[in-house]
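Before any questions on how it binds or moves, here is one chain, the form predicted alone, in structure tokens.
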Amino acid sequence: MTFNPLRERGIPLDDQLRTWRELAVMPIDPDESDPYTRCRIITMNGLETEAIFFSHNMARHCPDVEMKQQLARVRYIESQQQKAVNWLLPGLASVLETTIAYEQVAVDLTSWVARMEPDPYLRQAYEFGVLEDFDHLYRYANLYEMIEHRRAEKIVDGLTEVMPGRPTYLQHRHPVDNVRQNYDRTVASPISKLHALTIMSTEQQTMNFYMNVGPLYMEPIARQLYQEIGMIEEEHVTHYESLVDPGETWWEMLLNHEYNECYLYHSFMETESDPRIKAIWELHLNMELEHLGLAAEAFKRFDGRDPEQVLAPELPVPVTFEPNKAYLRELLATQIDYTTIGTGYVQEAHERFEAMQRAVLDDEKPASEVVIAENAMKSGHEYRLETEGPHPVQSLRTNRPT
């Protein structure tokens, strides 16, 4: 059945305010819940966080007091939604366990988006980035085994493999080479706009998370690894945000944000395995339908256009968390040696890339390499979870037990 959020009625804004009791959600059980339920929670927290940040930024550039007030009203509800969503994460989970879940989101969500993306250039951007997050998952899993003496398969539940991707130390690129060519808003498919906004939001959330939790560790290797991967996440946010057409007006961007939230909440309502969490997705969808309606009216008023000129007439196929093992193995076999130059990609190191490598690494082994060596020394092996056979790249295979 098709679903056009522009034609649906949501909960009136005045009825969306929740009490503290209503916001005091029961967290999921990390030992019993579906790992992809946790992934959906992390994803929606990223989208709600982006919605809040965007609304604040828009308010700072909006001269109309009435519209500033409307943005503030909607933003307060978005902030309550963010609290309800993020507080579903279990307090029992350590920072590293949550980190590994964040990277599972990055791997399987970006893989799904890449598979569904109709534009070849945008698809390449997602394929390029996912091999780097795949490697981050491997590095953090080794840190987890080394300092918490536990194995990441309990977190990813065998749904996502854990093994080397594009090595993290090779991800340190010159900043100008992280800027991609944006899509053209006048011809881009509506789903392409939603994809770019979704992955930008989740990567931004990961960047912010590592900025704040990295220094909470006492172990030098943990502090250094969060610092190193945190810098890569800065590169990734630059990479993905540059895909969005800067010619979109503030009102068009607001419209896309609200439509995307409807899309993701509807997707997760359709695919959620936990009935209690599904009810939260449904509630938030009905709130977002009203937010979208308000954004659509503002778009018509200030841009003088019909929202259906820029939005899809119905929601696309639901965003789905599912294993992407074969797809990722194909990417590893064919694209692991890619880097960027300008707005394109090459398979050979170039002068600017090599100069950046020398400047950042300074002939020292980075934390992302040290953590593997130290865990192998302490645990007797490096940690991997290769459920589909040996690594597809011969040089990255190991004979050590995993």
Partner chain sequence: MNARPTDVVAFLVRQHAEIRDLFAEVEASEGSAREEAFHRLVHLLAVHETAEEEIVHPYVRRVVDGGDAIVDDRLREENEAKQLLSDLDEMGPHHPDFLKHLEVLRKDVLMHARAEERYEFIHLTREGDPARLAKMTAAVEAAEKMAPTRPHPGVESATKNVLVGAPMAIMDRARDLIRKVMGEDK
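Numbering follows the first chain given and starts at 1. Just so it is clear, the structure is predicted and the values come from calculations on it, not from any experiment.
From this point on, the text means the form predicted in complex with its partner chain, which you will not see here.
Just one stretch in 291-299, 177-185, 267-275, 144-152 has heavy atoms within 4.5 Å of its partner chain in the predicted bound form, so which one is it? Heavy atoms within 4.5 Å of its partner chain in the predicted bound form occur in 144-152.
Within a 4.5 Å heavy atom cut-off, is Asp119 in contact with its partner chain in the predicted bound form? Although its partner chain is absent here, Asp119 would stay clear of it in the predicted bound form, with no heavy atoms inside 4.5 Å.
Do Met218 and its partner chain come within 4.5 Å of each other in the predicted bound form, heavy atoms counted? Heavy-atom contact with its partner chain at 4.5 Å: present for Met218.
Look up in the predicted bound form whether Ala279 has a non-hydrogen atom within 4.5 angstroms of its partner chain, and give yes or no. Contact with its partner chain, no.
is_contact(Ala312, its partner chain) in the predicted bound form, heavy atom dist at most 4.5 Å: Looking in the predicted bound form, residue contacts with its partner chain do not include Ala312, since no heavy atom lies within 4.5 Å.
Just to confirm, with a 4.5 Å cut-off on non-hydrogen atoms, which of Val213, Ala72, Met231, Ala93 contacts its partner chain in the predicted bound form? Of the candidates Val213, Ala72, Met231, Ala93, Ala93 is the one lying within 4.5 Å of its partner chain in the predicted bound form.
Its partner chain isn't shown here, but in the predicted bound form which of Asp31, Glu348, Glu351, Asp362 has a heavy atom within 4.5 Å of it? That would be Asp31.
Can you name the residues of 378-395 that have a non-hydrogen atom within 4.5 angstroms of its partner chain in the predicted bound form? If the 4.5 Å heavy-atom criterion is applied to its partner chain in the predicted bound form, 378-395 yields Lys378, Ser379, His381.
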